[in-house]
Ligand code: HSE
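Take a look at this one chain, the form predicted alone, written out in structure tokens.
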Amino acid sequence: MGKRTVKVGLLGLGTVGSGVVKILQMNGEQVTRRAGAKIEVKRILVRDMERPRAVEVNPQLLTTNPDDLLHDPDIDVIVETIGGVDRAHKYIEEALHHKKFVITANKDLMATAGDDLLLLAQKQGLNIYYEASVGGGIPLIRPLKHSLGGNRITRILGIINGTTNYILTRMSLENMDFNTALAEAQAKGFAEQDPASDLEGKDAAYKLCILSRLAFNSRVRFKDIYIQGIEGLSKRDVFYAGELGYAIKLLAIGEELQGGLVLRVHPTLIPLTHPLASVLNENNALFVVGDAVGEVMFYGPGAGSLPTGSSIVADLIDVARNINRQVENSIIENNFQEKRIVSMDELSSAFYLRLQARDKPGVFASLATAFGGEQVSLDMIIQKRSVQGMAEIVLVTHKVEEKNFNSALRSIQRSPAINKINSVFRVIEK
């Protein structure tokens, strides 16, 4: 006979931890039926016992001592929602050594130390569940591990950072400048007071690292990912992109080519007809291409107390069923292969370029010479009105090898006719 009650130790009662407790309070009966056992939060680790909480809990559940959870033989599963890397890593290792299943929402930890922790879990006959680490409330980990398991996935395209997507949406729809849109995102709680990880593309890269492992059955490391953020992106670029039939999105892109894996995060011009172009505000989405399924997209809220808590409770249901031997305990990640990482110079892409040039004869000829010398052909070119002897030129190239485009760009920068290169972004057609 299986366990009738699965007892939980919850590390953290902040935004995500509160969401977990709230969902168990709201939907406890339904969760019990689906789990095949009652799920009971036995202890909660907090930093400050007196701090006001977003959810009402029995004060006797609270403790500031992690040993009260990690060393309690009555607790079956540890749910980690404290974030950060070092402390969370230590607690999860300790939980596994004390024969407890682990659930985490920690993308940074799973991207940087997930391989080692999953190997430890396997040695202990346990498992780590991390659905909430990517995409908030959107189910992404399970579909990649199970639902799409019969596919060879060739490409994933994701808007997986809500902060940058909110900023780019406001710049596009409300003609806001970058700083105003960022300030609004911070005021509404969609951006941290220190938003560097989001704006620099690191947050999306951590998530891409986790998703790419599952999509391509490969040992992907954070250092394998090319990263370019959206800092300094101008509303002029957002406007011109719209004029040309594109939206600008911070995309996380993973592809398996004949030569290996391509993993990158960068601002991208994407056609307005593409499904990802209509993903607005703080929402996230992942577009997946598989050889059997074709094209599928997962869309929804990428963060927040209840959405992220929803993913954790789904993992709790799986853990309960696992403990009672109603589902198999398998860790597929430990069987992944090493695959070659393709450098950006080996890729081909179309490019958007905005520059300032002196408004005099011969400018277009010098551009044509620089591009022609590197076999770069132009798809679209726009010259805006001249202001004080300076003309703004916007152009989009056809697909070209990155090394050729970069060589042409260096030639343009040396030209006396070119005053400044303002922006360079990659363009995808589909």
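As the structure is a computational prediction, the values presented were derived from the model and not from experiment. Each residue number is its position in the shown sequence, starting from 1. Rigid core: the largest C-alpha set superposing within 1.5 Å between the two forms.
Quick note: we don't show the form predicted in complex with the ligand, though the next part is all about it.
Residue heavy atoms within 4.5 Å of the ligand in the predicted bound form occur in exactly one stretch of 94-102, 351-359, 250-258, 197-205, and that stretch is 197-205. This chain lacks the partner; the member of 263, 160, 313, 215 within 4.5 angstroms of the ligand in the predicted bound form by a non-hydrogen atom is 160.
Note on contacts: among 303, 220, 230, 75, the single residue with a heavy atom within 4.5 Å of the ligand in the predicted bound form is 303. With a 4.5 Å cutoff on heavy atoms, residue 190 counts as touching the ligand in the predicted bound form.
Among heavy atoms of residue 107, some come within 4.5 Å of the ligand in the predicted bound form. Taking 2 Å as the criterion, residue 182 counts as shifted between the shown form and the other one: its C-alpha moves by at least this amount when the rigid core is aligned.
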